[in-house]
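One chain comes next, on its own, written out as structure tokens in the form predicted alone.
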Amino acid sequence: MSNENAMAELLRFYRVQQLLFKEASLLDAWQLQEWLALFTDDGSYFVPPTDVPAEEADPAKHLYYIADNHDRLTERVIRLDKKTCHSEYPRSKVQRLVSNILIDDVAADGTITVKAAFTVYRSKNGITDTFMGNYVYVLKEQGDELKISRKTCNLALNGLRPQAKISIIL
């Protein structure tokens, strides 16, 4: 690998890492509109069921916890920002840790597939829940920005019994 190619890969990784860290920071600060702006206009967000292996999960065949296209994702953000969203008012305190970022593929059209591990802590009413798993992102260039075209949150849990619900964005 030439130095020029190595520098290009390092820059790509840095941009991906910054996007993922920015996303985590926005979600931790409950800046949901700014978070939504990280998505492409046709962006989507998925949380597959925990009883199907992530690589086999398909929203057309399985019942997902969340399978939002951009319109549904926008409605989710609007709902979560309202005081009438009883499950998140008052809001949970959340902290995300994103690690093990790996650029899995760079397609000829510049689309980047990224995998990362996550742990999300949610604290509310004296109870702290832990969500853990991995993300799979499909990122696209829009102008000079990387945007999220697809985000899938694969939970590494046997179920949601201890957490009872996903009322936050993972």
Partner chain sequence: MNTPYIIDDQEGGRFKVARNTFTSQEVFEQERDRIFQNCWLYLGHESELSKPGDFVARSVAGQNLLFVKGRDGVIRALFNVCPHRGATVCREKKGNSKSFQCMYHGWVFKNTGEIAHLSGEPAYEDNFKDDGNCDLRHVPHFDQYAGFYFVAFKKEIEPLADYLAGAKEYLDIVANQSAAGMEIIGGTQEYSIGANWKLLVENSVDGYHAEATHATYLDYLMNTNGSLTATRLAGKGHDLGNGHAVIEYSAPWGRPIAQWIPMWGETGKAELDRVYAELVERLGEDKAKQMATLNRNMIIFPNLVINDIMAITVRTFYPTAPNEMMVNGFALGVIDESDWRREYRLSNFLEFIGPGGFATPDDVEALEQCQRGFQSAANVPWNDISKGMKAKTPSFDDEVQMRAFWREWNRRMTSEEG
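Positions refer to the first chain, counted from 1. Model, not experiment: these values are computed from the prediction.
Another form, the form predicted in complex with its partner chain, is not on view; read the next lines as being about it.
**Student:** Heavy atoms within 4.5 Å of its partner chain in the predicted complex: which stretch among 30-38, 141-149, 118-126, 100-108?
**Tutor:** Residues of 118-126 come within 4.5 Å of the partner.
**Student:** Is there any non-hydrogen atom of H70 lying within 4.5 Å of its partner chain in the predicted complex?
**Tutor:** H70 lies outside the contact set for its partner chain.
**Student:** Is there a heavy atom of I66 no more than 4.5 Å from a heavy atom of its partner chain in the predicted complex?
**Tutor:** I66: contacts its partner chain in the predicted complex.
**Student:** Can you tell me if S44 lies within 4.5 angstroms of its partner chain in the predicted complex, counting non-hydrogen atoms only?
**Tutor:** Outside the cut-off, so no.
**Student:** Are any of the heavy atoms in A164 no more than 4.5 Å from a heavy atom of its partner chain in the predicted complex?
**Tutor:** Residue-level check for A164: yes, a contact with its partner chain.
**Student:** Whether R76, H86 and L160 jointly form a contact site for its partner chain in the predicted complex is the question; each needs a heavy atom within 4.5 Å.
**Tutor:** Every residue of the spot touches its partner chain in the predicted complex.
**Student:** Out of 45-70, which residues reach within 4.5 Å of its partner chain in the predicted complex, heavy atoms considered?
**Tutor:** In sequence order, P49, T50, D51, V52, P59, A60, K61, H62, L63, Y64, Y65, I66, A67 come within 4.5 Å of the partner.
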